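Just the one chain here, the form predicted on its own, laid out as structure tokens.
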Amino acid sequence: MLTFLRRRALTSLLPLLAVVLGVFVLARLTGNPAALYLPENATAEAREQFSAANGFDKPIWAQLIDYFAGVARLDFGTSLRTGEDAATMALRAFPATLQLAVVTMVLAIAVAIVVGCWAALRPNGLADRVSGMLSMTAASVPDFWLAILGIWVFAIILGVLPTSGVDAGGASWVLPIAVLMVRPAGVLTQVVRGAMISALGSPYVKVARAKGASEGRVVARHALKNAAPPALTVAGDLAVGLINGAVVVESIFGWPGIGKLMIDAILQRDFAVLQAAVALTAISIFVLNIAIDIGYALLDARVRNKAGAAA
């Protein structure tokens, strides 16, 4: 298992380095920060002083070397806008995104298990057809469109939910979670349904039923356990997508997470903050993928055996 995890970690380092390099290059394509942080009538001398103070006067290759040297020390520099440490700003914003993603995935998984199992018990029945239509629709609707629709209906017309920010009562959580969970719930419902139909038709389920096991025990103890590995893999991919996809939804709802921080940093050409936010997101996805591999190995003995043979 340890050998398997080491190999998985090493194969993930190259994409992580590519992301770190890519954000450095793409950030500088947004333009010169001096155009935003200095007056339009600023002198050439003032612009040179600004560039020298922030290291922009160096050749691009020298800036890249300084950047990687800082990343190795987990030092991404300071924010051009606030003067605060960029890594600290990213770490402060990330828990809000993580909380949103965790709550969303827990609810999406719960809905998918209930609806997917219900549909799988009677394939091609009314419940299966209705749930299939709804889940396919949910999997296809863009998050930003749902967010705008939710604000229009529940905040503007009905006036029952806030449009942005985070309040103490929890009402501000409703729209972001509802919008973000629609697509994962739709996709996972289809996965759970397919896996459960296959599991319910397997020999070990027929044996359990022949021994007099109740339908609830058959579903929960036998079929669902064996249908979990493919659902876990898809859930992991969807969780990664939630962390990435929360950028747009957080901006729409003014959610103080890492996604909103990225958008603000791009608009303000705050290179250090953008680089820190993207690097933190990439590392979290890296860790999440490792955790998914561990969970998959715990659920599927074939993965454990393969890892043990490789060792």
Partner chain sequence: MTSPADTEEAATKPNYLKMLLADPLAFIAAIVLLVVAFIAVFGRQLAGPTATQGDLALSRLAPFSTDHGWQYFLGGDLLGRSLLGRLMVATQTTMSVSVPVVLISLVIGASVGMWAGYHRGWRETLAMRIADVVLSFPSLLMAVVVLYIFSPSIASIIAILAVTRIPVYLRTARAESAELQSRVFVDAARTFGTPSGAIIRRHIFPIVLPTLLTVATLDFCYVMLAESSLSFLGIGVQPPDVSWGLMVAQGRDQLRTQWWLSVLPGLAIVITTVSANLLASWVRLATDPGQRWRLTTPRRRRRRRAVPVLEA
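Note that this is a predicted model, so its numbers are computed, not measured. Here, rigid core means the biggest group of C-alpha atoms that superpose within 1.5 Å across both forms. Positions refer to the first chain, counted from 1.
This protein has a second form, the form predicted in complex with the partner chain, left out of what is shown; the following refers to that one.
S.K.: With a cut-off of 4.5 Å between heavy atoms, is K225 one of the residues that contacts the partner chain in the model of the complex?
M.R.: Contact with the partner chain, no.
S.K.: Is there a non-hydrogen atom of A62 within 4.5 angstroms of a non-hydrogen atom of the partner chain in the model of the complex?
M.R.: No, A62 stays farther than 4.5 Å from the partner chain in the model of the complex.
S.K.: Hey, in the model of the complex, does L267 get a heavy atom within 4.5 angstroms of the partner chain?
M.R.: Looking in the model of the complex, residue contacts with the partner chain include L267, since a heavy atom lies within 4.5 Å.
S.K.: Is it the case that D75, even though its partner is missing from this view, gets within 4.5 Å of the partner chain in the model of the complex, heavy atoms only?
M.R.: D75: no, not in contact with the partner chain in the model of the complex.
S.K.: Since exactly one of A127, V207, L149, L91 fits, which has a heavy atom within 4.5 Å of the partner chain in the model of the complex?
M.R.: Of the candidates A127, V207, L149, L91, L149 is the one lying within 4.5 Å of the partner chain in the model of the complex.
S.K.: Going by the partner chain in the model of the complex, which residues of 181 to 197 come within 4.5 Å of it through any heavy atom?
M.R.: Contacts from 181 to 197: R183, Q190, I197.
S.K.: Aligned on the rigid core, do the two forms place the Cα of Q268 2 Å or more apart, comparing between the shown form and the other one?
M.R.: Moves: yes, 2 Å or greater.
S.K.: Taking 2 Å as the cut-off, check whether the CA of I252 shifts that much or more between the shown form and the other one after a rigid core fit.
M.R.: False for I252: its C-alpha shift is below 2 Å.
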